[in-house]
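Just one chain follows, in the form predicted on its own, and it is written as structure tokens.
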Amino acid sequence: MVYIVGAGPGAADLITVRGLKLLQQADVVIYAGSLVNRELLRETKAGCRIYDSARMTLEAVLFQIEKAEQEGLMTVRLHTGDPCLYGAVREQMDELNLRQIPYQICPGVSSFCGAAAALEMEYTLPGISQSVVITRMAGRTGVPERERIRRFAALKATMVIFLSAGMLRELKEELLAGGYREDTPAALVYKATWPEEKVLRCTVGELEETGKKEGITKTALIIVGEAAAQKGYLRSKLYSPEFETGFRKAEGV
């Protein structure tokens, strides 16, 4: 059996209980060495075979998985954050299906959740933003034309932008072209939940300058939108005394 496990955003204790148990039971671990916290490898049992997929192709990963299956061993494929976001897991699952190798997915805490915790923010503020766009800039891997940053920017929703810290000048231009103002609240969160985490609040117009000043070119999320300021929102009706739910009667009505 192969378990595709989300390791969480960085801090070793942010892996899920299920994910940790699977890691402790694994005979083989193939982990994303460029991003996964190596402290988690201390949880593996004696004799566990460990491979760093940062130095491997998909074919090399599949070779080790097939080898483990032939030996009757359990494999954990350890991804950063949650595998469903920028994890390149679909191609792995398709290949496992072709090889008739059974697998299960164990979700993890995404770095966009870790960034919100670092910023002490709620992405979905009543009256400000009720939607979150998770996206990235086009780089060596392109994005569909309909999903360019400027198109999403026109929505004025909260944006969480992955894999774009090395393109802050271009990102700023795209955001402005989409309709955001220079003074729109923004933030850079470098290595969310790691010991070296940095939280930098700025505006859209200051993104490039802020990144340069702090030497941030990778491993950072960019948060953009009025919600980043955490001001001017409406009180949630869910906890309002006048609001009735299936669990509580309205008061004073």
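Everything numeric here is computed off the predicted structure, so don't read it as measured data. From 1 onward, residues are counted along the sequence shown.
Another form exists, predicted together with a small molecule; not displayed. Remarks below refer to it.
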Segment assignment from 124 to 132, 108 to 116, 170 to 178, 146 to 154: heavy atom within 4.5 Å of the small molecule in the predicted bound form: 108 to 116
Test of understanding: in the predicted bound form, would residue 51 fall inside 4.5 Å of the small molecule by heavy atoms? no
So in the predicted bound form, does residue 219 come within 4.5 Å of the small molecule, heavy atom to heavy atom? yes
Closest heavy atom of residue 187 to the small molecule in the predicted bound form, within 4.5 Å or not? no
Do residue 163 and the small molecule come within 4.5 Å of each other in the predicted bound form, heavy atoms counted? yes
Students should find that, of 192, 224, 207, 29, the residue having a non-hydrogen atom no more than 4.5 angstroms from the small molecule in the predicted bound form is 192
